[in-house]
Every structure is written in structure tokens, then in C-alpha cells.
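Below, in C-alpha cells: the form predicted on its own, a single chain.
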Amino acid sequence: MYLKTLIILVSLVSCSTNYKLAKLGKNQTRKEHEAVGSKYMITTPGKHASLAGKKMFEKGGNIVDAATAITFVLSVERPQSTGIGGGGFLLQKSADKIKAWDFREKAPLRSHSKIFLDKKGNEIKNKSRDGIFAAGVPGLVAGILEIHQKEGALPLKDVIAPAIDLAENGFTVYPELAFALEVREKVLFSYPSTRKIFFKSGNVLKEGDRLIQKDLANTLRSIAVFGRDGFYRGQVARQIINENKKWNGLISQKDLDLYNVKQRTPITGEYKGYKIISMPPPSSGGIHIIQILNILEKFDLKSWGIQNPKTIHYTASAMQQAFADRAKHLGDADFVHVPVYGLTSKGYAEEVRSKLTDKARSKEDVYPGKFSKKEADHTTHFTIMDDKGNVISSTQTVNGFFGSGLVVSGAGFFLNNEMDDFSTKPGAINLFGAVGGSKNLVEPEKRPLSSMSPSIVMKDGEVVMALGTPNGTRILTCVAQTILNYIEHKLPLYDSVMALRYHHQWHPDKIWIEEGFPEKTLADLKTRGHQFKEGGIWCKVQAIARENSKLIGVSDARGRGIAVGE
């Protein structure tokens, strides 16, 4: 009897500890991606951004000053991922409350639900992805400045100074930037304003070249002096409008004047005694992270093991259901009814769980839930935490690599291509393969559906971890897996972030599998009826955990970011 018990215990331990991590990239070391501190911790996807945040703390600034500096530096350092021509979400915990800030882009006033269709009702190829019609009204500058104006401690000029310096003096093109430039080279080359900055002697910049953005530096100076009016009015506004007139675009001065930042009520849920807090619509992330966790809560994932085929099967099945519901029910809650309570309820999770078996379901067998109306992407992310209990978790984006591909002449920044995050028509597929529904059709001043999921995990009133990531529809599944890795499987934070990942989004009907899973695991999943697409998941999680009096920071080593703290 003793021997039998011992064998069972050994088996359980091996299940929970036998897992594979993603490989470190070229010239990467674990040391720069992991840090320990007690006063503050910063994780961002950019070296210059992390150091700018650290500089704000050293100057006597607070967590909001650090977040503001990081935002503007990332707009310079990662033009393929974010920028002042884009938007985003920010989740903020202070001593007394949690705020969800929405500065997502908005559809221009002259837009409409059939803007990306021809006279026969067919999609016009790439109209929602490339060029002027792809751009929504930018919100990032308005959002970050409003937060800083209300809660920052340092003067705005001091906070934006690192970004101006980086744009003016430049930096060396790193591998991920070079890759994105190569992917979008054809579109970027088609615009003279873009060629001026990102090409040299007719060739797109390569790894090792120097990227200097003097026009962007001048735009940042305008913002530093005039605040919101330095972007939404005056010379920069005229440059945005002139670019739209040049290409017969839609954004007008009235659009810029009407842009408003929203404070929304965060989405909350519970998982085995932990409180999960995340973004509400127009982000789908918070709802579906909680939905996925609810479905999995009654399964014994820990004893099965983090990368056991059974764990992967049921987790992928929960993801599959979430994306079926996303296509049917999600949109901008200012315009359409979103059944938040129903989708995040334990009762609905039980209903879904009762339909799951050891075999995969085809997408035709996965139906969105039915709820009463009466109820109780190439992106970037950073996370900051301090010793006073303050937390900021923010995801920001221009959507696809370099957004629309179009730089505003003389202003030096890309316009986003967030209009592609709307449904061009019900059932259409966006850049990230997500199915669009009628609730996400284009309407003037509507905000497109997103997967951005800045999140905070708490227990007994104390913050346990904060995290988020870029990468389109994969954002919410990467965040959900990282949370599970840390609080369910009890992995160290570094391993929680670096463990191999997988993703299912209902359509297409297959699991994306990060390279490195054992063949026997894949073989087991095939016997359950799963199909695969092996390759990069591309999430780059930025996570911080509070362990006793220590702050542990991890910047995903799949990227080039660093963790810094004191």
C-alpha cells in the first residue's frame, strides 16, 4: 500500500513539473528578462522603454509618470507595434480603486457599415488593412495625457523627454523590427512619407541600420508643450487632416475634436479563490479570459500536468467556445448589448463543461450561448508595480505591423489600421483570422472589438500578479494560460511566461501549437480529433508578481524587452 501511494505521488509530481519552455532567441539571456525588486518593477517589450520608466522613478515620479514615459518611448521604439497614431487600454489599481481606461480608436463620422464592400456586397481586398481608409481616429495621446494630467507628478515635458531624444538621435534596427519591415515592405514603399523614414537608397532598413525619426520628435515636442492640443489641434491636426484629404480619407477636425477617453467598469471573476480583473468591451479579452477560467475550474488540471494532452485538450476546447461566443455576442457596449453577466457566469460555464468530452468538437458543433438581454495583434504591452500597491497594466497598438502603413507627412507617425478590427460584414475574417459578427459592424464613433487584455490577479485583497501581452486574438489565450501556469500549476513566474503555448480560436478549426511539444503529446491530441498548425504564437507577455515583499518581473524572452526594478 505504501509503495502504491508513493508511485502515485511521484507520478503527480512528474506530471506537474515535466514541461517545456520556449527557447531563448538569438543573443538572448534569461538575466535581462527577469528581475527582482522591492520598490518598483517594470516590464516592457523595449529596452529604451523600460529604462525610461526607471528614469521617472529615479527623478521622483510616480507609477503614472513611468507609464506615460514608457508609452511615448514605445511609440518611437516599436513603430511596428504601437504609436501615437494608435490607441489602447489601461488597467490601473491604486490604493482605493481599480480603473479601466479605454482610449481605443473610433470610426470616423463619415464611415458606415458597408464602407469596405463593393456594390455587389463583396469585400474590397485590403481596404480595411492598408492605407487611409484603414485608419480609425487615434486615441492613445488623449488617453495617456488624461491619465497623466489627473495623476502624474512630474511635468509633461520631463516625461516625454526620453521619447523625443530617442526619436531625434535614433537607435539600431533590431531583429523584430527588421522582420516587420520586410513583411510590410511593399505597402510601406508605396507611400512617399513612409519611404522617407524607413527606406535608405531605395531599400527598406535592415537589422543594424539606424532608424532616426526627426518628424516624430517634433510632433512629440508639440505634445510636450501643448498637451492634447499639440496633437488634436494646431499643426499636427492639420497634418493628419491634410493626409486624409490627399488620399480621400475620412478623418476630419470634427473627429479629432470629438475623440473622448472612457473610464469603464472592469470585468471581474473568480477562479479558485483568486479574483481576476480585466478589460471590459470593446475589449473581448476580459470576458473571455474569465469564461475560459470558469470552464476549466472544475477540471483537475494541476494533477494532469501543465502540458499533458488532456490539459491541452480541455483548455483548447474552452478557448474554442470563447471564440464562438466572441463572434456572436461581442462589440462596443456603447452601441450594442453585450451579455457580460451571462458569458462570465459560473452557470454558463457549467453548461459548456457538460458538453465537453475527451474528443475534439468540430467548429460546426460549437454553438454560441443564448442569453437574455435582461441581465444582473501586433501590439505592445507593459506592466508596472510599486511598493505602495499601485499597478498599471496597459496594452497599446496600431493593429497590424505599422498599422495602415501610411506615415502622416511631416508628423512622422503611422496611422493605425484598426478599422480592420470591425466586421467588414457578418462572417468575414479579419487580419488575425477572427470571425466578425453583426454587433461589430462599422458605425460612426464606434470603437472596434479588441482582444487586448491588461489584467490583474488578486487574492484576499492583495495583488498577486499583473500581466498582459500583444498579438491579436492570441492575447486572451496567452494571458489565460499564463494565469493558469502561475496560480493553478504553481510554476515560477519566469516559467509561467516561458512555458510553451497553444491557441484555439474556433475558426479555423485547429490548434496553433508553439514549436517544441513532444511528438507523443501531438499524437495523443490527434487521436482526440484535433488538427494542428505548428509555429510561433508570438505573444510577448509582460508580467509582474508580488511574492511576500518582493516584486518579480518577467519580460517574455520571445521578445527584446527587459525587466528592471529596484
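Bear in mind that the values here come from a model prediction, so they are computed numbers and not experimental data. Numbers follow the displayed sequence, beginning with 1.
What comes next is about the form predicted in complex with a small molecule, which does not appear here.
Of the candidate stretches 124-132, 233-241, 394-402, 358-366, only 394-402 has residues whose heavy atoms lie within 4.5 Å of the small molecule in the predicted complex.
By the criterion of a heavy atom within 4.5 Å, Met452 is counted among the residues contacting the small molecule in the predicted complex. Contact annotation: Asn471 falls within 4.5 Å of the small molecule in the predicted complex, judged by heavy atom distances.
The small molecule in the predicted complex is not approached by Val159, whose heavy atoms all lie more than 4.5 angstroms from it. Using a 4.5 Å cutoff between non-hydrogen atoms, Trp538 counts as a contact of the small molecule in the predicted complex. Checked against the small molecule in the predicted complex, the candidates Ile475, Val137, Met465, Leu140 yield a single residue with a heavy atom inside 4.5 Å, and that residue is Ile475.
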